[in-house]
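Next up: a single chain in structure tokens, the form predicted on its own.
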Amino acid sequence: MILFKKAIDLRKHLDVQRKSGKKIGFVPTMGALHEGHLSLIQASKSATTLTVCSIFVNPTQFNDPADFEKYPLSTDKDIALLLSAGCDLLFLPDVDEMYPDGLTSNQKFDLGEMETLLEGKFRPGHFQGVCQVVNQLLLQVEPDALFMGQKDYQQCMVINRLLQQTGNCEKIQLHICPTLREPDGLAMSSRNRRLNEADRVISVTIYRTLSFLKENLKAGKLDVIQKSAFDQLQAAGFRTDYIVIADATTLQPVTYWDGKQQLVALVAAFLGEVRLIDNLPLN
């Protein structure tokens, strides 16, 4: 695996590889890697001939500075994991490399109502920050394929919109890969490292509640099962931002189901100081 810290060096190397006919796959991450991330590396290796991973904790997508400061860092371990997974290239830039003109940007991405729904509502500016850094990374890597995890479902929908907006939807194929879960159902996440032993036991309630929604989904009004799901989380000790059933593409909350519309259940809830998110396609 070759490690690059400068974008210009990365671009020069990738230009050579591209001219030799290599198909480039890209996995953007914020580090603190786990098996979920490694599954994206494997998906890229299966579909492309050269896999690039980036590790960059992006400050512009944290609307809470304290959350940014507490984000787990384990670069040496991450590098070892990428080596074992057979990753070809690692891009490891610092903040100045990614934002040479400073963190403030006049670039605004049109995300429509996604910016006011769910994560967009509870984390103002979050999706703009995500688009800002992903757009920069795509300009540096110019991949043929982009691999993201379904665990960050809303982010995947936002990046899909970004690709359409920047005219890259045909050039870059977005692969949304299945969420990897622990044996008890908890979605693998870097934030899980911050859970204490007691909260780790409670955390599985999120997946059980999402499964409850899937098992009890019926055509008609959805307010009763959504209220029951919210109550389950609150009773377990969560401070719930939202748990909703939404359209699988637009993320618009759905209160009445016609039995055909594609739906996804989405949740964000605090357990102590740790905010966990998850989702589950329902049909």
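Quick caveat: nothing in here was measured; it's all calculated off a predicted structure. The first residue of the shown sequence is 1; numbering continues from there.
Omitted here: the form predicted in complex with a small molecule. The next part is about that form.
Using a 4.5 angstroms heavy atom cutoff to the small molecule in the predicted bound form, all of P28, H34 and M188 count as contacting. Screening Q132, Q155, Q140, T209 for any heavy atom within 4.5 Å of the small molecule in the predicted bound form leaves a single hit, Q155. Only one of P124, G167, G102, P178 comes within 4.5 Å of the small molecule in the predicted bound form through a heavy atom, and that residue is P178.
The small molecule is not shown here, but in the predicted bound form it comes within 4.5 Å of a heavy atom of L40. The small molecule in the predicted bound form is not approached by R194, whose heavy atoms all lie more than 4.5 angstroms from it. Although the partner is absent here, P93 is not a contact residue: none of its heavy atoms lies within 4.5 angstroms of the small molecule in the predicted bound form. Although the partner is absent here, F109 is not a contact residue: none of its heavy atoms lies within 4.5 angstroms of the small molecule in the predicted bound form.
Heavy atoms within 4.5 Å of the small molecule in the predicted bound form are found in exactly one of 200-208, 109-117, 178-186, 84-92, that being 178-186.
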